[in-house]
Ligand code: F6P
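Consider the single chain below, provided in structure tokens and representing the form predicted alone.
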Amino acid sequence: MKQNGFYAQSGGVTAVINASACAVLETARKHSDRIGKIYAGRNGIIGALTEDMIDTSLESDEAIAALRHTPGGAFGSARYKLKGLDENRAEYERLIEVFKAHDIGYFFYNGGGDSMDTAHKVSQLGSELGFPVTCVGIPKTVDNDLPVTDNCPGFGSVAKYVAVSTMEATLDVASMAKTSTRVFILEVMGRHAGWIAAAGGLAGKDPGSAPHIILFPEVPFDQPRFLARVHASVDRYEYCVVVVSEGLRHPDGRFVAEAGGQDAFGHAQLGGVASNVARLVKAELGLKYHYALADYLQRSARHIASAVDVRHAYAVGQKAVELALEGHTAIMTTIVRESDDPYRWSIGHVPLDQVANQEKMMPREFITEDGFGITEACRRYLEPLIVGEDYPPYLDGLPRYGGLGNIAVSPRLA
């Protein structure tokens, strides 16, 4: 019996999350004899909880296709974590109630580890309540910290942006170092895992090339060693370029930039590590500095997206629908690396309980012995992920991104 599907985006968006949305919707339309309408959650899972859903069947094929080259979250995303079933059963029951009211038998959740946990619990409770829901997770996170999958869609494009930005900023600083700025610090995302910071290391291959220092969350911040390295770099090259992850920690585990408070997922709020490190350089070494925060720019820069990343994002969404129609449930699609050079990959899948609430850190063999750089093994892993350009169409010098009508589904519940 044909049932409808529900798709939702979760957490921080990426330059390619809409490519996964595009794949889900286009693939579902190709199988309209077996799957009904696809509803999308307005502002992620909140749209299901509040029965505020979007009828994607009312969008044209052209509008859906344009999602492939459009950044942001086409339907809205949310940082909203559902707690465990024992603590918060009512919200999960509400999801099943909404799904039942709209005959939704397929749930496609596009997010990270917390989202995979939600999808897993929905699959469990649906069966318990007599309304089974086929639940398939679609990986997404710029932090690249989901286990099992070789990499996460969204990461390759951020890695490309950070590598290019580091390279270009280096040329700027090197031009002015004799009489002006000596130290440049680029802060990138990465609360617990240093994958994005590591990508800055792709900017230079030769000994002494920038970035001269990478500060990873996995390596406790050793202030005296850091300052000595900055001093040595300025002495030798006239300048020093630093890439620092927002999650840099002191040896006692405290975030260098902890600002107090927590976000919706219970994570500590961070207040800007680059400014802290920059002030340290000024106070201890007396060097002129500049710093920059890549912030939202790194995850929304669709104009410089990695072509490999776009293909990954589309493929995991497409396969999610295909696997669901084959009867698979409580799984997440994964990217499987088959070789580095030439880079070959395929799409696999893994049970949700193997990825839910899990984080994949940088392996120690990917970080140089001194803790300030990336190894050749890391470079071999990263380089294929940033390859290729997939430019959006341009109009009058600006990218021409898509837009949807996002027409609401009529509520059926109180």
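Quick caveat: nothing in here was measured; it's all calculated off a predicted structure. Start at 1 and count along the sequence shown; that's the residue number.
Another form, the form predicted together with the named molecule, is not on view; read the next lines as being about it.
Asks: Exactly one of Ala210, Val308, Val98, Met189 has a non-hydrogen atom within 4.5 Å of the named molecule in the predicted complex; which residue is it?
Replies: Of the listed residues, the single hit is Met189.
Asks: Let me know the one among Arg299, His120, His102, Arg182 whose heavy atoms come within 4.5 Å of the named molecule in the predicted complex, would you?
Replies: Comparing distances to the named molecule in the predicted complex, the residue within 4.5 Å is Arg299.
Asks: Is there a heavy atom of Val142 no more than 4.5 Å from a heavy atom of the named molecule in the predicted complex?
Replies: Heavy-atom contact with the named molecule at 4.5 Å: present for Val142.
Asks: Using a 4.5 angstroms cut-off on non-hydrogen atoms, would Gly12 count as touching the named molecule in the predicted complex?
Replies: Flag for Gly12 set to yes.
Asks: Taking the shortest heavy atom distance, is Arg89 within 4.5 Å of the named molecule in the predicted complex?
Replies: Because no heavy atom of Arg89 falls inside 4.5 Å of the named molecule in the predicted complex, the answer is no.
Asks: Classify Arg79 as contacting or not contacting the named molecule in the predicted complex by the rule of any non-hydrogen atom within 4.5 angstroms, answering yes or no.
Replies: Arg79 belongs to the contact set for the named molecule.
Asks: Picking from 309-317, 326-334, 291-299, 230-238, which part of the chain touches the named molecule in the predicted complex when contact means heavy atoms within 4.5 Å?
Replies: Result for this chain: 291-299.
Asks: Determine the residues of 216-240 with a heavy atom within 4.5 Å of the named molecule in the predicted complex and present them in sequence order; the list may be empty.
Replies: Not one residue comes within 4.5 Å of the partner.
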